[in-house]
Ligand code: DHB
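Quick heads-up: it's one chain on its own, the form predicted alone, in structure tokens.
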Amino acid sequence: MAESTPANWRRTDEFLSDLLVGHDPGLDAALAAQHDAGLPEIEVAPVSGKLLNLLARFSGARRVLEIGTLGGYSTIWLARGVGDGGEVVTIEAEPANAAIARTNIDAAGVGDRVAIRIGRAADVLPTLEGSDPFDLVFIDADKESNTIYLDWAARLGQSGTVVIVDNIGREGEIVDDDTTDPMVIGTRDGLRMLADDPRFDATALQTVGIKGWDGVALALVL
């Protein structure tokens, strides 16, 4: 039996990615562009990008909200998931990141499906009130604000909206009651909100792979 080590997690992730995801020119180019620009390598793994795409398709999502664009890699996966006529609204705090994402998204052929809103998500989200409800919300931004983002996911969604929160494993530190790490505290607060807030029904999975020991929470707006 193989040892459970970071090296073997990576090898297994790469095997699954090669087998089930493959290589795509648009996505590969987006990754290369954001890495060349010096953006942090915190984008979702290929298998997770494919999961986002499938969840959009499983749920029949036509309107998606993404909080945290980075270089647009996950945005492309989601835009492909909503199909022709669908829309992804993605929020990015850093204008330089948004510019890279815009180029990548357009080059991947899904630019007409993606609107990038630049600014702090906590400031941008209230401006989306009054628009059509979102069918799927992907939260992948500063963890300290997860409860703010979850509240807006419920307010901007509707019954049946799928909510995905990335990076909830935090290398296992979420079980440390004495942690002082604001990202871990924000993650724990978000998970407690999913457990206690009657607007949500949720579960979470811990994961290992090329992104280390982490996890994802999945919720349904009731």
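Owing to the predicted nature of the structure, the values given are computational and were not obtained by experimental measurement. Position 1 is the first residue in the sequence shown; the rest follow in order.
The same protein also has a form predicted together with 3,4-dihydroxybenzoic acid, omitted here; what follows describes it.
Remark: of stretches 136-144, 114-122, 89-97, 71-79, the one touching 3,4-dihydroxybenzoic acid in the model of the complex is 136-144 (heavy atom within 4.5 Å). Not one of Ala154, Asp197 and Leu218 comes within 4.5 Å of 3,4-dihydroxybenzoic acid in the model of the complex, counting any heavy atom. Heavy atoms of Asn167 reach within 4.5 Å of 3,4-dihydroxybenzoic acid in the model of the complex, making it an interface residue.
Of the heavy atoms in Met183, some are within 4.5 Å of 3,4-dihydroxybenzoic acid in the model of the complex. Within this chain, Ile42 lines the site of 3,4-dihydroxybenzoic acid in the model of the complex, having a heavy atom no more than 4.5 Å away. Along 90-127, not one residue places a heavy atom within 4.5 Å of 3,4-dihydroxybenzoic acid in the model of the complex.
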